[in-house]
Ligand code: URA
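The chain below stands alone and is given as structure tokens, in the form predicted on its own.
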């Protein structure tokens, strides 16, 4: 990571933290996890939001879904350590769990997605990737909003490159399913493998 990019990202994250705390006071305190990886990478991967494991380790995509993602990336020949990985919403989406004092994850709200969209676009503009991979519906919706495109679902968009992703020239948006979707629907595994194989062909010149 160049010093300039590091400085710009740190400034962006501080602004995001401040405005998140001001905008979503009802969900305080917030547990933030920032983007991690090679900020000079030409491929950025975007998840939904950090979970318990991500908060604990301070990195995105390190829980069960992250382990699945790593395995599929490895099979496709895509080096995870050469990617930059971040989330659409950079604080844990949580609500009280069944046991007192525990938390469990919750879905993102439309307000949270729209709020995070502009910050996510600025993050992309700082890193300047050639391919932006969204995993699941939440980052896809944010990307489409930022790109000025109509919202749709991952089921119709996965594996289909979109030019001028996030409204940024020379940036391709490439939606794939979230790896967690395979936990609940093993029938998606072959589709997921194929989409990542196509991604590996698109990105091989960058690694």
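Positions refer to the first chain, counted from 1. Computed from a prediction, not measured in an experiment: that's the story for all the values here.
Keep in mind the form predicted together with this ligand is missing from the figure; the text below concerns it.
- Look at 24-32, 152-160, 41-49, 165-173: in the predicted complex, residues with non-hydrogen atoms within 4.5 angstroms of this ligand sit in 41-49.
- This ligand in the predicted complex is not approached by residue 37, whose heavy atoms all lie more than 4.5 angstroms from it.
- Proximity of residue 178 to this ligand in the predicted complex: non-hydrogen atoms within 4.5 Å are present.
- Using a 4.5 angstroms limit between non-hydrogen atoms, residue 134 is distant from this ligand in the predicted complex.
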